[in-house]
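First comes one chain, alone, set out as structure tokens in the form predicted alone.
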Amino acid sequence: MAQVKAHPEATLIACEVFENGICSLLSALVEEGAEATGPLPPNLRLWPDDARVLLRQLPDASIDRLFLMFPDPWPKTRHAKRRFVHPAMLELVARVLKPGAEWRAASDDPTYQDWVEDVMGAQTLFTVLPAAFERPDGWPPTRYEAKALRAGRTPRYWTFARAG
């Protein structure tokens, strides 16, 4: 919601595969009871499916900025293939981002944090800025971030710039 208000000139696509996440977003955007029929902000589109499906359909160099905020960490080793930050995803993300565009990611899960550092440290498609341990300016807070901070977990915030 914060991005919708802060950037009315930008078209934003909110991707969420879980129905509860879509319902939570809609409850913040439209009046109670109007979730199914209430108008969305004109600069917002909803994609109620896996973001990977959408990314495969987008044209090359069509995205200015991508956010991955506190994704499911899939902490078990056998589930690592489900993580969005994954070597198999990097070419797809790089393809849809414009040269110099930012991919912003955040996580409070130590397993995911180590995974991101390893995966992004071993690739050449993105310039990796050092992780921040406090939310950078221009990054909206999330309820997952608030939950992590209440539980004493330390989030990390990364910015990856598309090379080229």
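Numbers follow the displayed sequence, beginning with 1. Source: prediction; values computed, not measured.
Note that the form predicted in complex with a small molecule isn't included here; everything after this is about it.
Asker: Is V17 part of the interface with the small molecule in the predicted complex - any heavy atom within 4.5 Å?
Answerer: Close contact exists here: in the predicted complex, V17 approaches the small molecule to within 4.5 Å, heavy atoms only.
Asker: Can F70 be called a contact residue for the small molecule in the predicted complex at 4.5 Å between heavy atoms?
Answerer: Yes, contact at 4.5 Å.
Asker: Would A51 sit within 4.5 Å of the small molecule in the predicted complex, counting heavy atoms only?
Answerer: Contact with the small molecule, yes.
Asker: Consider R150 of the chain shown here, and say whether it contacts the small molecule in the predicted complex, taking contact as heavy atoms within 4.5 Å.
Answerer: Answer no; every heavy atom of R150 is more than 4.5 Å from the small molecule in the predicted complex.
Asker: Please pick out the stretch from 96-104, 32-40, 120-128, 135-143 that is in contact with the small molecule in the predicted complex, where contact means heavy atoms within 4.5 Å.
Answerer: Selected stretch: 135-143.
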